[in-house]
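Here's a solo chain for you in structure tokens, the form predicted alone.
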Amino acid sequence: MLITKLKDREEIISFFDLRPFVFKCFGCKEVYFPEEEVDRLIEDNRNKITGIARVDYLCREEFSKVYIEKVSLEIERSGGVVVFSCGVGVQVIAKLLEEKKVLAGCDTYYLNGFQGLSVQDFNCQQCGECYLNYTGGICPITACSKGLLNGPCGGAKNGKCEVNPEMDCGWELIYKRLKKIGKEEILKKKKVLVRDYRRIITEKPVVKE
């Protein structure tokens, strides 16, 4: 089980300065999705948005690919894409729109219960603090076998992971994606990322100091 919550309001509002295209995913009925809150945000910033898509199961890559083709002109006019979904949906859209800046509007939290099985290429570990906005839509925790948050370990060879030689180095993929969208400088400007495990271990809200 998992739950999605909106990121900090001020952070999301800054996304609308891009004049983005917006995706909302409502597919998983067992997942709480704050659609009413999302709708209020969209309504307050409607004049800054090039288009909106309400889609079920963004994680279905082939389906999302077809849908993107239908709204390609609106996406092309946008300065980026904002995705309100769990981390898997964001990663799928980022893969399909490699040359667009794709931003996560939600954090995904873990809840006790059966997590289900997925045949998707992407995974979300429900950190409660999504890093996809700093890493080009590629998750540094699930794409890196060591779950490193601040760059590669130095053990990769020829673009492959030292732990699993059949696995691409997640951080090399992140760098290439950021370079493609002209955002590789974010790796120098962003402060050190530290994972807050309290967001996973407890269900209590974390008070920012």
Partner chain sequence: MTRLKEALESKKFVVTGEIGPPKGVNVESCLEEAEKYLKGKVAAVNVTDIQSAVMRVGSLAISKKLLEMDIEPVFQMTCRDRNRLALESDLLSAYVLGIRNVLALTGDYVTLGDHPQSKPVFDLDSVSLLKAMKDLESGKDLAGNELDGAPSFFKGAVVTPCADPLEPQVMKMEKKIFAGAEFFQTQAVYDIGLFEKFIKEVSHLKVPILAGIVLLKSAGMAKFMNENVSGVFVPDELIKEMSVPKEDRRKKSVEIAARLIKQMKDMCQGVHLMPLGWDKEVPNVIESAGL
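Remember, predicted model here, so these are calculated numbers, not experimental data. Positions refer to the first chain, counted from 1.
Below, we turn to the form predicted in complex with its partner chain, even though it does not appear here.
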property: Gly151, heavy atom within 4.5 angstroms of its partner chain in the model of the complex; result: yes
property: Arg9 within 4.5 Å of its partner chain in the model of the complex, heavy atoms; result: no
property: Contact flag, Ile42 vs its partner chain in the model of the complex, heavy atom cut 4.5 Å; result: no
property: Non-hydrogen atom contact Ile13 with its partner chain in the model of the complex at 4.5 angstroms; result: no
property: Contact set, 137 to 175 vs its partner chain in the model of the complex - heavy atom within 4.5 angstroms; result: Ser145, Lys146, Leu148, Leu149, Asn150, Gly151, Pro152, Cys153, Gly154, Gly155, Ala156, Lys157, Glu162, Val163, Glu172, Tyr175
